[in-house]
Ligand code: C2E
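Shown here is one chain on its own, the form predicted alone, set out as structure tokens.
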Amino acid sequence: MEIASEKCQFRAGEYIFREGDRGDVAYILEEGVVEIIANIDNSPTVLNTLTPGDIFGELALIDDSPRSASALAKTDVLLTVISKAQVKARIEQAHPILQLLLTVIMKHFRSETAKIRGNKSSDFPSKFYQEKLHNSIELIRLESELYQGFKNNELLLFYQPIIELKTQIIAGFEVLLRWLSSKRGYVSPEIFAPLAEASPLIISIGEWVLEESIKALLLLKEHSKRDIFFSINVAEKQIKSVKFIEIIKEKIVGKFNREIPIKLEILERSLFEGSEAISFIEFCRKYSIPLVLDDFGTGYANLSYLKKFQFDTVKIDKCFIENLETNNKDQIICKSLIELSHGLGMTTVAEGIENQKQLEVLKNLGCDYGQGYFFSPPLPQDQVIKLLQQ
């Protein structure tokens, strides 16, 4: 959740913070003048004079170091406060390369500050620096390996059954991406998926997923002699890409003339992309491509999206399912989501079903479909064929 910035005032001659203080906030100077003063050779020295629009005190928020200088209000000043939580959230959301660059810049700045003050070594906390540097380099290395792994056909598709709850018959499958690295072995999707989705590689991966999924779907239909569908996740970067829309048009619309058995899953937060998201959804509606709204209820749960955009299915997140059999609040939430979806002409899918009691509750609430380890884990294609034949 976004944290609102606060305002604060200091009188002329007051210290905003002193050298050696713990740094827990940074400041944007809105009105007045601030002097940054350091104790060099036992003498207070003005390092910088700040005017409205300048920011100061930010480095201490990043590396938890004591203040390396003092900030004195030269005149009456008005400041906007930036909290540690705000800074931390933005660093964590940044791309690994930007995180690495920030860490290196911090190291350089601390080193230069130490030189000015006559210290031979930087007061930058080496443990913090080494940890951030190691983590950032590791993510960059992993992203590079993912590029190479994609070229070397190390990515795999697994399929998790989606069950019609009334009949408990397999209605379709969610397509899930897996990576068996030649260097690392199995890499968790929780680790590599965010890297892929944040990079341009996701467009090429998305095209490959569509091609392979359609091949697998046609093969499974041939073996099972049944109508089944595939549900495929779409990332924000794909929604923004005109190229990906053309890929969908070629791969899906060009392949199926009648009812399209490929559903595209979109995260609720992807709808924040404004006109790009609207264009993508309008395109899918024009060519009758089924759309699934994923993770609704876990983010902003903005009902205007359900009013503005026409979805075919709402997916109920597993966080509402894991304690469903014992938690009355979860039952109320699921009941509301199911009734709302049905009232707007949409079906519902519950994910993360792990036991019979959860299944029974969802059936009684009228949920249409479900998936989870109670039915089956994600499976490779050959095992899916055997499952359907059974």
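Everything numeric here is computed off the predicted structure, so don't read it as measured data. So that there is no doubt, residue numbering starts at 1 and follows the sequence shown.
Below: the form predicted in complex with this ligand, not depicted.
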From K308, K318, K240, K84: within 4.5 Å of this ligand in the predicted complex by heavy atoms is K318
None of S136, S199, N233, T313 but one has a heavy atom within 4.5 Å of this ligand in the predicted complex; the exception is N233
Site test, A171, C284 and T347 vs this ligand in the predicted complex, non-hydrogen atom cutoff 4.5 Å: no
Sort through 140-148, 243-251, 71-79, 171-179 and report the only stretch with a non-hydrogen atom within 4.5 Å of this ligand in the predicted complex. 171-179
In the predicted complex, is there a heavy atom of this ligand that lies within 4.5 Å of any heavy atom of I353, even though the partner is absent here? yes
Using heavy atoms and a 4.5 Å limit, would one call A193 a contact residue for this ligand in the predicted complex? yes
Partner contact for V209 in the predicted complex: this ligand, 4.5 angstroms, heavy atom: yes
In the predicted complex, is there a heavy atom of this ligand that lies within 4.5 Å of any heavy atom of S270, even though the partner is absent here? no
Even though the chain is shown alone, can you say which residues of 14-47 have a heavy atom within 4.5 Å of this ligand in the predicted complex? none
